[in-house]
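The form predicted alone is given below as one chain in structure tokens.
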Amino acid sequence: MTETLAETAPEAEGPLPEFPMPRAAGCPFAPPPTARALHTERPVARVRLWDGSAPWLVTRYADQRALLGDPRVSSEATRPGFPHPSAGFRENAGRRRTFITMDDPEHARIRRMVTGPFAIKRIEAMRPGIQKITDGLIDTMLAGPTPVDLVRALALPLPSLVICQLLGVPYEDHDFFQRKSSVLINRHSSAEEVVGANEALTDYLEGLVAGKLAEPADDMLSELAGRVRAGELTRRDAANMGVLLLVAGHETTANMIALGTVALLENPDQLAVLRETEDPKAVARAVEELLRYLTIVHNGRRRVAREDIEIGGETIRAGEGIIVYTGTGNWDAEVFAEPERLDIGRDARRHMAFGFGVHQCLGQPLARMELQVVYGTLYRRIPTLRLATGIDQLPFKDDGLVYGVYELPVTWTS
């Protein structure tokens, strides 16, 4: 009944805006104009999805934080009314349950199994190794011809190498898991394609978990295998968690490295400040500002109401879907002055690029540190780095759940 209500929401004021919304031509970093208009005029409003359903789009920062921290809001993707981003995601929801699509207490119990390796002290101990990988990839770039695709040369291999080391996944299989990951996070992938990619990745990770059961090592898959041995997880559950960590562990950071570089090259004054500083705190501030400015998880945080909720002058009924669109929240002028301006000196730590509440991103300490290393190294080592094509020629990932560029041709003066 609740699904039917959502799908047949009244449209007395005219057709509902469709979501996702297109960005304005020539404005690849700004949230879509329709979303920004809703933020001003009706910050809690219904939108129309691919399947005809009409969940609530929440665009104001204060409302977003309130909802993401509200236990009356559910992350369970199998609940009726959950606003799936595509048919593939809906089909896959019941096949691959991980802690990000669970509610407490089950969410907390499963999440605790993998929090240790992402503790800030353990991640910080990885910094020298990540610096070495970054320098090595840049060395290879400098030794080769130009132009070069920064995505393939640096943005994608760096986080892939790091998450492979952390999990215990052979990096030589990167072509396989990167290809399957790209299917999983593309909104236009069919249900068959998403299910097939998920099954292939899960089978692959289950095989690795089986190997760790026989020969444990010092990595996360071995820790998960230990949970299997103790009867806390099935082998398939451990593999599902491995898929989540592998995909999330390289896709988001790779896109931030590439898209952040585009944003900085388009704001040369800010790039100059970052390139010339030797202050790690200044680099860290730049990372937070770029996370705010770009908000690459650009299809919103998806939820469904467990109970009736009054917010933003509207009543969200139990069973109705919710999309928390943090792209506009992170551009909310009541929180961030002149939000449309990239200002790497501002304190942007209140952003919600990693979400908010109990479901905020587990891997954010690792992502922050990888970005600090790359942003603090690349532009100093290649001070004349520039785009090798016009920004209007870049293939932006408007079709993905994670925003970025498919290719980033760059060059420099030797």
Partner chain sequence: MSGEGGGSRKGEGEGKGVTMRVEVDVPKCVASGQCVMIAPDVFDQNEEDGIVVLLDEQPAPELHADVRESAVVCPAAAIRVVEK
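Numbering follows the first chain given and starts at 1. Please read all numbers here as calculations on a predicted model, not as lab measurements.
Another form, the form predicted together with its partner chain, is not on view; read the next lines as being about it.
From the list 378 to 386, 31 to 39, 50 to 58, 63 to 71, the contact stretch for its partner chain in the predicted bound form under a 4.5 Å heavy atom rule is 63 to 71. Taking the partner from elsewhere, residue 357 is found to have a heavy atom lying within 4.5 Å of its partner chain in the predicted bound form. Of the heavy atoms in residue 214, none are within 4.5 Å of its partner chain in the predicted bound form. The closest non-hydrogen atom of residue 337 lies beyond 4.5 Å of its partner chain in the predicted bound form.
Shown alone here, residue 116 lies within 4.5 Å of its partner chain in the predicted bound form, counting heavy atoms only. For the marked spot (112, 364 and 368), a heavy atom within 4.5 Å of its partner chain in the predicted bound form is present in each of the three residues. A single residue from the set 121, 188, 132, 179 has any heavy atom within 4.5 angstroms of its partner chain in the predicted bound form; that residue is 121.
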